[in-house]
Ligand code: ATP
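As structure tokens, one chain now follows by itself in the form predicted alone.
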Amino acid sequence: MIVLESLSKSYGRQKALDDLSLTFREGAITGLLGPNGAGKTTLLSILMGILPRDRGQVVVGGYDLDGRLEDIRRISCLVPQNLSFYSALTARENLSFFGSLCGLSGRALSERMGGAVAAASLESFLDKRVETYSGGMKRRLNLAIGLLGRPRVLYLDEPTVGVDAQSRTWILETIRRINREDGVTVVYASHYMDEVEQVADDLVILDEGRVVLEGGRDTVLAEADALILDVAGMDAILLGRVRDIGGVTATESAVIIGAGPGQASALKRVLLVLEGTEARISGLKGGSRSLEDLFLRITTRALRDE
């Protein structure tokens, strides 16, 4: 559904996305995780044509970003982290305005608004100014606006920030429902590991603009029983040799050895490849208790202030 090839984006000397190649499955909910500055928001903005990329290919729903941007925007929607509506207007006025931007009017607009309002459970507050809404209601309106166009691809950037438990549960259930009933492909970027673990079919962990772990949710969570070697000093050639070992995932700073009967053999092969090179092993960890623990082991616990 979404295919990225060698995607790169820099802000000055800082690389936000570094030769990123990735595929998001059609009809799946993919949890997109990463510390601050990992490149999540940059990636979503490029997918919608909001930010230019430095290089690389992007294909969404069969449409190439070069030359088919309007087609991509027709089938896609980004619900941003920042609330994107007019607080001085009512929810009805906001939905009517944003629906008109989608080319809707008359009965079609009314029907789309009705569906979006029901999904966000805002029926009783349609004619109240949004500035009077709670944080959770504002988040639900933000989502409702994104659903007006009935997108085939929905990008969600931190959709539950600052909301109460009831609104969070409602938003998660709505995401699952539109994915299940309407077949919407969802990319869900969040810092909340428990939410991602609940809703995602697939998981992608980014760090410093690169994929450090990806796969089906159950497969990735199985890495909780993996061994992780902290390794420094691996060059591209050595990294490639390590990645050729079965049952092993490797980044420039870590080697992840999957759990299972072949784990000891894979560990031995990794050590043989590293032997006699400039690479240095600084730590060996194993036995995570959760997705959050796995995430911290892979990306390290250092603060990532932007």
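In this text, residue numbers run from 1 along the sequence as written. These numbers come from a predicted model, not from an experiment.
Note that the form predicted in complex with the named molecule isn't included here; everything after this is about it.
Though the named molecule is absent from this view, in the predicted bound form it lies within 4.5 Å of a heavy atom of just one residue from Arg74, His191, Arg150, Arg177, which is His191. Comment: 37-45 is the region of 37-45, 54-62, 265-273, 233-241 lying near the named molecule in the predicted bound form, near meaning a non-hydrogen atom within 4.5 Å. In the predicted bound form, the named molecule sits beyond 4.5 Å of every heavy atom of Leu20. Residue contact check for Thr90: none of its heavy atoms lie within 4.5 Å of the named molecule in the predicted bound form. Contact check for Ser282: no non-hydrogen atom falls within 4.5 Å of the named molecule in the predicted bound form.
Contact annotation for Gln81: at least one heavy atom lies within 4.5 Å of the named molecule in the predicted bound form. Taking the named molecule as positioned in the predicted bound form, the residues of 1-31 that bring a heavy atom within 4.5 Å of it are, in sequence order, Tyr11, Gln14, Ala16.
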